[in-house]
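In the block that follows, a single chain appears as structure tokens, in the form predicted alone.
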Amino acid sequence: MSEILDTLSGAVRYLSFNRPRKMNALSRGMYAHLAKALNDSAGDFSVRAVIITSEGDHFTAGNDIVDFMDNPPSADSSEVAVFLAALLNFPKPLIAAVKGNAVGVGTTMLLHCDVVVATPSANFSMPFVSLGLVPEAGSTFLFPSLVGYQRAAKIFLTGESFSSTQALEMGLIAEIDGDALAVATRIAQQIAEQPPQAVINTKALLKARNHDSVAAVMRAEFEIFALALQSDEAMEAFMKFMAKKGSS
């Protein structure tokens, strides 16, 4: 069974994390599939919108730590870097339906989505510092721009989580609903019925102000992230995480 379910319904493409037994932790193969799907959809006129969603009880636990330790993403050609670039440059509406835990990249990727719908039980966190790392996906630019420096610093530096209600108040998500996927689908279908070039042009204008700045920050984050991955501090944090996970 594929770890990414990839389906097209009408003009809407669905990309669903399908590794529920691992809380949908993202592997290199999953990143590669997501990146290719986004890049292919960008050039496919029949696709008017893309929804990122998940199987099981959670959105994603973030990166698969074992996969990360075995194959640290240290080059621009790595699957993680290619996916993040695809997110940044995706020209069409990108919608997310979130339930359960959205950890690390599970939260930072939402900063690139145009509309995010979450269930009441959704829980968001970006515990990069807790793992001896730094945030990625341009989040050190996008998140404080969205919620203010003080709030962003507190969340990043403590690794604390926050609820769907808090995420709505922050502006990270657009709506809370018990059936987030159904609402996301309705919104995607509404968008798909709009004149497509007008939709693409409007998204480009909305993103234009920050695009180059985000791209520059993403490059800096990735360089520091790659160095941090090789540090004793990160290795110790990973080992603590794995030990805690093994005893839970």
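Treat the numbers as computed from the prediction; the structure is a model and nothing was measured. For every residue, the number given is its place in the sequence shown, counted from 1.
Another form exists, predicted together with coenzyme A; not displayed. Remarks below refer to it.
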Discussion item. Among the candidate stretches 125-133, 171-179, 86-94, 150-158, which one is within 4.5 Å of coenzyme A in the model of the complex when only heavy atoms are counted?
Written reply: 125-133
Worksheet item: Does coenzyme A come within 4.5 Å of a heavy atom in each of 15, 55 and 99 in the model of the complex?
Response: no
Worksheet item: So, in the model of the complex, is residue 64 in contact with coenzyme A at a 4.5 angstroms heavy atom limit?
Response: yes
Discussion item. Whether residue 240 contacts coenzyme A in the model of the complex should be assessed with a 4.5 Å heavy atom distance threshold; does it?
Written reply: no
Worksheet entry | Any non-hydrogen atom of residue 234 within 4.5 angstroms of coenzyme A in the model of the complex | no
Worksheet item: Would residue 138 show up as a contact with coenzyme A in the model of the complex if we use heavy atoms at 4.5 Å?
Response: no
Worksheet item: For 1-35: residues with a non-hydrogen atom within 4.5 angstroms of coenzyme A in the model of the complex?
Response: 21, 22, 23, 25
